[in-house]
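Okay, here we've got a single chain as structure tokens, the form predicted on its own, with questions on binding and movement later.
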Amino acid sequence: MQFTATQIAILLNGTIEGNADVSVSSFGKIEEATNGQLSFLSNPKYEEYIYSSAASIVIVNESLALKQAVQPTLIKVKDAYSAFAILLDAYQNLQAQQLVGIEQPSQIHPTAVLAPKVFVGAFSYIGEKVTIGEGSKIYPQTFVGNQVSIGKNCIIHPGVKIYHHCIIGNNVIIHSGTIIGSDGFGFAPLADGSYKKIPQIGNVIIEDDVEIGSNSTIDRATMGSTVIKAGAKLDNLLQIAHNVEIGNHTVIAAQSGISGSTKIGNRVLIGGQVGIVGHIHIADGTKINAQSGVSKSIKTSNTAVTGSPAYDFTAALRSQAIARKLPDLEKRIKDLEQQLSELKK
């Protein structure tokens, strides 16, 4: 697919400086792009490359003041980074629109309802009474269990498993290897020391505009629903336990785990390898530093915590600063003790 500078400028609401008719068919980094490619410049650290770049078009900030002439056609926008993201998204959507129909071999139950412009890749399984919304793409080797609902314009990447009765909203992206709706970790201890499995009869609800990374697991509820609310972004290798609720636009980095029935607020930022115990609440806007262990509810909004057990971020930094001074403090105490001993004599 080829696009001219004029077409791109219209999409991004930008202004052109250079040849408006020049066209591009692919993308490249500013330091590596070649003729026929489009690039962008937003970080001042990379400005030097624009003067030698062979790219045909470069998206730049309106505020950029060039020190010398450049070869590429420039498209000036308010924010080059976000504009480039918009352009990549549009390009990806155009590519996805070409994927329509059902590849063989695949297994689709006669009661499943697939809207127009749906794609189902080879070796996929679509169960009984499944509904899939218009424009959604189900890539190869995906399992969709009985009575699952998938909304419009979703992208379900290869190898995803969605267990029965789960509900996926619109514009959801789920990456390869992720499992939605596996059993929650529920076992009742018995008098003989063994454990009786507690049936997990709930489901998982993933609302609109959620993205979930690869090889993550979101457990179904014991009763009711495990809920990932609209706009949440979840990284790779996460464990979300049964009956957890993740708030709107919350972001969770890789290798974090959230135990059962914990409620995470809106716009919470959770770093990598964070562990959160069950049955607690995390207030809106909380920031949890990487490798923290959260063992009790955080009730005040917009709090930053770190450590294990996690506590106030600023207090933690002060404690760390004091800890670094401990050898010196120990020496001073010993000196004072020696002076005191001599005074007593």
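If you superpose the two forms and keep the largest set of C-alpha atoms that fall within 1.5 Å, you have the rigid core. All residue numbers are counted from 1 along the displayed sequence. All values reported here derive from a predicted model rather than from experimental measurement.
Only in words, not in the display: the form predicted together with a further copy of the same chain, which the text now covers.
Residues with any non-hydrogen atom within 4.5 angstroms of a further copy of the same chain in the predicted bound form fall in just one of 59-67, 313-321, 43-51, 279-287: 313-321. Although the partner is absent here, Gly293 lies within 4.5 Å of a further copy of the same chain in the predicted bound form, judged by heavy atoms.
Within this chain, Gln339 lines the site of a further copy of the same chain in the predicted bound form, having a heavy atom no more than 4.5 Å away. a further copy of the same chain is not shown here, but in the predicted bound form it comes within 4.5 Å of a heavy atom of Ser308. In the predicted bound form, at least one heavy atom of Gln255 sits within 4.5 Å of a heavy atom of a further copy of the same chain. None of Leu94, Leu88, Val100, Val113 but one reaches within 4.5 angstroms of a further copy of the same chain in the predicted bound form through a heavy atom, and that residue is Leu88. For the partner-free chain shown, Ala122, Phe123, Ser124, Tyr125, Pro140, Gln141, Thr142, Phe143 of 117-143 come within 4.5 angstroms of a further copy of the same chain in the predicted bound form, judged by any non-hydrogen atom. Comparing the forms between the shown form and the other one on their rigid core, the Cα displacement of Ala80 reaches 2 Å or more. In a rigid-core overlay of the protein, Gln107 has its C-alpha displaced by under 2 Å between the shown form and the other one.
Core-superposed comparison between the shown form and the other one: the CA of Ala90 exceeds or equals a 2 Å shift.
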